[in-house]
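A lone chain, given as structure tokens: the form predicted on its own.
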Amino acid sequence: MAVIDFVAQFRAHVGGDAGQWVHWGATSQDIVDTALVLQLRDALAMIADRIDQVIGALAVLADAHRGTVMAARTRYQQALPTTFGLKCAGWLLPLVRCRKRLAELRPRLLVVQFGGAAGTLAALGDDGVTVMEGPAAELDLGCPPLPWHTQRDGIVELGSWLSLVTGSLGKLGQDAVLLAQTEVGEIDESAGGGRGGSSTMPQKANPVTGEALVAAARLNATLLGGLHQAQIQEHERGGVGWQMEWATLPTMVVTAGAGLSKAAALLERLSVSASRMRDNLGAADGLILAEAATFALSVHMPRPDAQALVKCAARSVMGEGGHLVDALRARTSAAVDWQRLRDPASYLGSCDALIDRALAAAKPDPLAS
């Protein structure tokens, strides 16, 4: 392996009697694992910056669109009125939690590897622990209680975290793809042109960045299984699982970093159509107001009666046309504020307060490393 040639060259570079002390008491895996940790430290610093960038962009959108009313959708169907700001807050918070998890996992991951041939530091006699502490301090890494040659939970924890990051971005990407469908048209990720075009259909603007986020999430979720398999290692040092890490972990790191860059780019050029969102609420039939109507009527009659009345009116609208509010007014004399009920913006519940809570949670923790 490359370490053998590296050690030979390093000994020649040191030269003289000192050369014989190069790699004294260590093993190839000590070098490879420590080098990996150093690379991961740099990579995670870059990824953390990109997470902050995406969180910042989502926070701006959540605040700017707290009053942009749209349809909330459950099980692919329109459910109740909500706001695009609250949807952005929902995209934001998983990344906030990922940022916190990163600060928590760093001390477990960023530790030196030094154990010698079988993890006993036998070649160093009674000085093994002292020598292990030396490179840890020199490299500004933690010093573990003992070598972790076949204790790979830190690597798997990192892989799980990377999959959480790309999975959070994948959720954003999936929503973006659905909202950009021609029949929906509530957002456009290609505002500014030049992206997502078709080679044969000039009218198309494919949501290519949203699709890339979904693909990245699914790729890392798939590779994570390989890391879990690699955790099963033999005795004090193994080979199969170690090599499986080489084939999976680098791709996961790169995928997470690239996904965050793509998400930042998507949010920067995102065009939000508030008018299309409003139109899609179904102003003509008002069916999205069914729950609002039920609770408004429940002030004046038992709730089961209110539910039955709204169901009857909704069936009439779906079968014969008209507006839900008008169908209800024809069926009851209850003193409901019908004009207010007709406006979807009057049934947004705690959207504003929830957005405020999300934005407060998104503020960086000054005590986090």
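Worth saying up front: this structure is predicted, and the values here are computed from it rather than measured. A residue's number is simply how far along the shown sequence it sits, counting from 1.
The protein also exists as the form predicted together with a further copy of the same chain; that form is not presented, and the subsequent description refers to it.
- Only one of the listed residues (L249, L164, L267, V272) places a non-hydrogen atom within 4.5 angstroms of a further copy of the same chain in the model of the complex, and that residue is L164.
- Comparing 60-68, 30-38, 301-309, 43-51 against a further copy of the same chain in the model of the complex, the single stretch with non-hydrogen atoms within 4.5 angstroms of it is 301-309.
- Put simply, V253 is far from a further copy of the same chain in the model of the complex: not one heavy atom of it is within 4.5 Å.
- Among heavy atoms of V184, some come within 4.5 Å of a further copy of the same chain in the model of the complex.
- Residue contact check for M318: one or more of its heavy atoms lie within 4.5 Å of a further copy of the same chain in the model of the complex.
- Contact check for T82: a non-hydrogen atom falls within 4.5 Å of a further copy of the same chain in the model of the complex.
- At a distance of at most 4.5 angstroms from a further copy of the same chain in the model of the complex, all three residues K100, I232 and L354 contribute at least one non-hydrogen atom.
- For the stretch 111-125, the set of residues having any non-hydrogen atom within 4.5 angstroms of a further copy of the same chain in the model of the complex comprises A117, A118, G119, T120, L121, A122, A123, G125, in sequence order.
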